[in-house]
Structures are given as C-alpha cells and as structure tokens.
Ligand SMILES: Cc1cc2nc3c(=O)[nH]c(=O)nc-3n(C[C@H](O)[C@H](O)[C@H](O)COP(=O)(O)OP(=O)(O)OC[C@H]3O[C@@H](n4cnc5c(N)ncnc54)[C@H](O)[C@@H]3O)c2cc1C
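Below you will find one chain, with nothing else, as structure tokens; this is the form predicted alone, and questions on how it binds or moves follow later.
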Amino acid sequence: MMWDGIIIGGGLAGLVAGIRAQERGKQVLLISEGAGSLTFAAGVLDFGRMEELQAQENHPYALLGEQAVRDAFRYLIGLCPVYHGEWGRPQAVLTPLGMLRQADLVPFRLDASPLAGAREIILMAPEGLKDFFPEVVKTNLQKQFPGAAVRLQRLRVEEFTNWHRVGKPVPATVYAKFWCTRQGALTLQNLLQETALEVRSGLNPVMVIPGLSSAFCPGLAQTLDKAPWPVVEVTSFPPSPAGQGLYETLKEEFRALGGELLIGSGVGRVEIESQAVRRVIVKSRGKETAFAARAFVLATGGLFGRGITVSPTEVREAVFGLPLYVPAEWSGSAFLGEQPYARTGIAVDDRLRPRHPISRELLLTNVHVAGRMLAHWDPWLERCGGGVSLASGFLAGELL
C-alpha cells in the first residue's frame, strides 16, 4: 500500500499533523515508539511572546508567521472544546507546588482565576497522592492570596487502602481515573456535601483539588458543576492527567478520521532515492515491515523524545541521519538560565523541509519537520512549546 503520508512521532505536532491531513482526505499512517511526550506535559499550552520571538531571524515563529500560529491556536480550540483562551491574554494556572504561572490555552477548571476573589480556599489533600506536598501548596497559596484563609482538608479514599498500607504513593493519573468512575464521582459528591456544611456563608469559598482532570471526563465535570462553589484543579508533575487526556483525545480523533496508528515500534532504517524518502522499515518482534509513502513528517520530539541521540562523539538525528544545527556552546552555567543545547535541531525551509544548517542545501524533498525537532528555539525559556508544535504540526498536515 502507498500511503499519502507517514508521520513519525506521536506527540502534539505529529498527532495534529495527522488529524489535519486526514481532514483533507489523505490516508495517513502514524508510527510512534511510545505514547509521546504529551502524557508527560502539564496539559496547558504556551505560545510565548509572539512579537519578540518572531523577530528572531531563525526562530520557527519567524518562518511560520503570526497568522499561522494564531490559526493553530483557534484550530485546537475547535478540535478540543474543553480548552479555552483568548489570543494575547494568558491565563493563570496553579503549578504542582501551588504557585501561579501563566499559560495560553487551558483546559476548563485548570483556570485559577476564581482564586482572586476568594476569602476562603479549601485545599483538598488526597492521602498518598504522589508528588503532592500539601503543606507547601498551602503556604504558597496563603502568600499569593493573603486576603483568603487557606484551610487544608485531608481526604482518605478507601479504594486506595492497600496502596496506603504498603506506603505506595498513588500517581495523579491513577487518582484521576478513579474520580472518573461511578464510585469516584459518588465519593466526590459526598465530599462536597460534607464540606458544604462546614463553610460559612459569605466567604466566597473556592476549593482546590489536585489529581483531577474533569475537562476530559464528562461525568466528573457534571459532578463538579453541582458544587456550591468554584473548583480549581492543579497541574501535575509527569505523568499528567490533563496531558494524558489531551493525548487520548487527539489519538481518538485521528482514528475516527480514518488514520492508522502503529504504536510501540520505531523506524529501524529508511530507503532514500534522489533526495526523496521512498520507504521506512519498521522492526517489531524480530520482523521487518516496509511502509511506503508519498511524503513524510518527522516529529520525533528532539532530545527528550529520543529523536536526537547524543554520545561522547556525536549528536545525531535518529531516523534519517539528517545533519543538525548544534550551538557552539552546549550548556550554560546558570542552572535555571538558558541552556543552548535546547536549540539543537533541524534547519528547514518555508515548507518545513530539512536544509543543511550551514550550506542551506535542501536535503530531502518529501520530508517535513515539525515540533521539537525544529532548530533555533527553546520551549522552556521562551515558553512557546505549544505554539511551535501546534503551528508546525498543522502546517505539516496541510503539506502532506
């Protein structure tokens, strides 16, 4: 079978590229070694300072243009209506330590704005929740909202008694799955009713609950809709319930449009002829299978997605062996400052096709690069990971 497009990489850029191509009537195969980086992300999307980043000569925003990024912003809201945001107006969300930070596209109830008017904040502390430090969160909430009394309320869920007995922490994703069950919704409903009896009227209370992802669970959302006060959720350390929810939503949309997924297998080798990729060979369980396509998207996630491998002697792109832009200085001295290695990636032309980082020669005519594999940007320092991945993935889907 000859596919219209083969996408290598199942993160945000790869899935968006696949969905957009399927919407356009293309037949697409997506190959991914694992679940993709979305499950480790917080589930909120950052777009960064567009005007400032677009002015950088080699930045992906300079290549894509503001209109393309804004179109991608609106596209995700249409694709995942649980996300909300307004271009150029960042929203506040709570970090896992209870500090406020800004994000541009946020799932419903991760928006922390209700806390600004609260006179009482009820912080729920599910017993055994992994990487959740209730006393730290309480202290940080009190510092940021000095006009509100912060009350810590411990919560023991009987369904996790065996976990508690052996001292095993419960990941946020496991708690989130429980809350989405019928028993979990009933437990939460009873908790809300019991807490309501203890809250004095006129205090504009807001409840903060970690380990939820109600935006991706309609039953849980309905339970929280009945709460007598606003409920604010907290972003999680990886793996994230919201990130997992976004991944599953995009994956199911890709499948619903007729896309085919091959998860758990990586590309072992490729066949290239006359500057065009003809086939990729996937090895799984000792068996090799060749897949041919007219065009390909490389969205393997860069250094942290194993799309780029680093050894003492070389830095290499893992699938096609493409030459990379590598900064002259690999790292910076400041622990939380700029780390030049983050800008390592593939230089591309205006159709996202790979170019040599020095000679600018076009290397492969039917490969488009998207997401973290692109060179000359830093998703952490510039806070534009969502914008670059969405916009480049959307464009790649248009080009397939």
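The structure displayed is predicted, hence computed values, not measured ones. Don't overthink the numbering: it's just position in the shown sequence, from 1.
The same protein also exists as the form predicted together with the ligand; that form is not shown, yet it is the one meant from here on.
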Which of 38-46, 64-72, 357-365, 344-352 lies within 4.5 Å of the ligand in the predicted complex, heavy atoms considered? The stretch 38-46
Practice problem: Classify residue 8 as contacting or not contacting the ligand in the predicted complex by the rule of any non-hydrogen atom within 4.5 angstroms, answering yes or no. | Solution: yes
Even though the ligand is not shown here, does residue 126 get within 4.5 Å of it in the predicted complex, heavy atoms only? no
* Is there a heavy atom of residue 151 lying 4.5 Å or less from a heavy atom of the ligand in the predicted complex? -> no
**Asked** If you check in the predicted complex, is residue 300 within 4.5 Å of the ligand, heavy atoms only?
**Response** yes
The listed residue (168, 306, 316, 226) that reaches within 4.5 Å of the ligand in the predicted complex by any heavy atom is 306
If we test each of 220, 293, 208, 267 for a heavy atom within 4.5 Å of the ligand in the predicted complex, the one that passes is 267
Of the residues spanning 97-115, the ones with some heavy atom within 4.5 Å of the ligand in the predicted complex are 101
